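First comes one chain, alone, set out as structure tokens in the form predicted alone.
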């Protein structure tokens, strides 16, 4: 999330009632979770395992729960509860905004776009030209829909990220302040769900098509001309490159890369990145030919044991 107003490290320290080290006049240009940070961004870290990753990341300002040596060119904000203070910052710059209309007055809708009755279009949503939004579709605030997009009935675009921190008293939710961005010529089936980014964008590339009941997790990038069959589910922070085909009931682990032109056969569970042009199957998914050979060998096992007895 990029900030639209001037906000400094010192301003953040005052708002959160915490201390800082480094340049208090340093401008915070954006607020981002560690997977999506850029220069000028603020990110947070609250576990020793990830201190170095955060301090050495592209982020310029680090919200951290320990006094550490400040890296050159960076500043730190020292907080006893970085997760909570990060949420306070994102809520300040992306607060909840209620809507009392089915189509918000702040929505921008292109020419030749038809929105069926009972579809909901939230605040600051942008919809391109030549789109069809079917009944029951819900477009959460700040979603961006390209040109010539079709979204079928009861699909939800922009629901909150599934991101929680476990605490002794229960789970604490990360406030989602990202968006969903759909490219041009995209078609989304009925009853699909595409979650917004935690602090960046979930992106669906041009020409990608989804069957019914597909789920895309937060901060996932889907390339151009991909194909998703029904009941495929993709975890957050995954990168799916161009021309990928994902067949029915496939599950994809978070934070991996599905290489360009990969084909994932039905009911596969993908836990590792795939090479471009590969064809995988199984759970865990491996090269499809090798998996088929393995299944043939397993089928022969009863006869092998019978011959040995």
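Numbering follows the first chain given and starts at 1. Every value quoted in this text rests on a predicted model; they were computed, and no experiment measured them.
Although it is not shown, the form predicted in complex with a further copy of the same chain is what the next lines describe.
The candidate site formed by 63, 83 and 201 is entirely out of contact with a further copy of the same chain in the predicted complex, as no residue has a non-hydrogen atom within 4.5 angstroms of it. With a further copy of the same chain omitted here, the record of contacts in the predicted complex names 266-274 of 29-37, 55-63, 42-50, 266-274, defined by a heavy atom within 4.5 Å. a further copy of the same chain in the predicted complex is not approached by residue 73, whose heavy atoms all lie more than 4.5 angstroms from it. a further copy of the same chain in the predicted complex comes within 4.5 Å of no heavy atom belonging to residue 183.
Heavy atoms of residue 79 never reach within 4.5 Å of a further copy of the same chain in the predicted complex, leaving it off the interface. Taking the partner from elsewhere, residue 195 is found to have a heavy atom lying within 4.5 Å of a further copy of the same chain in the predicted complex. Residues of 87-104 that come within 4.5 Å of a further copy of the same chain in the predicted complex, judged by any heavy atom, are 96, 97, 98, 99, 100, 101, 102 in sequence order.
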